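This document starts with one chain, in the form predicted alone, laid out as structure tokens.
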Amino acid sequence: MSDLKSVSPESSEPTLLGATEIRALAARLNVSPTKKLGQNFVIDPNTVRRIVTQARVGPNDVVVEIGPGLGSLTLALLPKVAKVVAVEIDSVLADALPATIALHAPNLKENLTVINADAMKIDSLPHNPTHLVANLPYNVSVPVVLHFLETFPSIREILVMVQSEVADRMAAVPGSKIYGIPSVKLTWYGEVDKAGLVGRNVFWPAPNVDSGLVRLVRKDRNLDPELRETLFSVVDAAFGQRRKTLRTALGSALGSPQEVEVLLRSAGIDPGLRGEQLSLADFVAIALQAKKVT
């Protein structure tokens, strides 16, 4: 990151976008929020300030922001970090973002890089990100977060705003009814917790549900990609038929019920349990045993 200019404490704060500015900018660009892309623009400056505070970023950090939209969160991030790399799938919004930053934060415009692309297809960035901070559509939130965790091991911490129900599932613990695939897979990478609730009236258009902030702090350990692949296939199978016991549910991933039972007992797991009763450590034990017998 030697080519990045750290933000100095003397940097003037940019003017953040409120409801009036957001609607005026959208009208000027002839942009209407679309359900297809899950666009709900944040119109409350206090909310973006809160997100940046919760993101725990500093002057040497590089933040990748997914779906910056009209730039509300981007403007709040720029004075706090060395670089913001904004990934925007909407070409109109991607093209307009640099001009918005130049208007509202002219001294920080060089610290922004905009990439017009589908976040799920990103496999490299011009700078190694230390943080991911984003307001994510609920239908892509978990896949996007998992993709970036796997693709960019430099990411130490993530803070995303997602639909409240999705936030609950992302941070769920074993034994709860909402504990499932997102909960286990995210925990493979780090510690996950909810960082607060966000009301629907801070968005335009206002969604029909509240939102929640979710934080993930990456674990400082080496992750075996082959073990991860086996683990994730076991997790997918366990929750693909979550009402069934592991003896039956894991058949698609590990073989016949008899073979599954032998493998589970070798891993120290009761074949009569269900996926929602297992911790990450339990799933890892199953995956390690599965690797031994293949």
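From 1 onward, residues are counted along the sequence shown. Since the structure is predicted, the reported quantities are computational estimates derived from the model, not experimental observations.
Not on display, but discussed next: the form predicted together with a small molecule.
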property	result
is_contact(V84, the small molecule) in the predicted bound form, heavy atom dist at most 4.5 Å	no
4.5 Å heavy atom contact, D90 and the small molecule in the predicted bound form	yes
Q39: touches the small molecule in the predicted bound form, heavy atom cutoff 4.5 angstroms	yes
Touches the small molecule in the predicted bound form: L97 (any heavy atom, 4.5 Å)	no
Residue (of I155, A172, V114, L136) lying close to the small molecule in the predicted bound form, criterion heavy atoms within 4.5 Å	L136
Position in contact with the small molecule when the complex is considered in the predicted bound form, options D123, D118, D220, D193, heavy atoms within 4.5 Å	D118
E65, G69 and V140 all contacting the small molecule in the predicted bound form, non-hydrogen atom within 4.5 Å	yes
Candidate stretches 244-252, 55-63, 230-238, 40-48, one within 4.5 Å of the small molecule in the predicted bound form by heavy atom	40-48
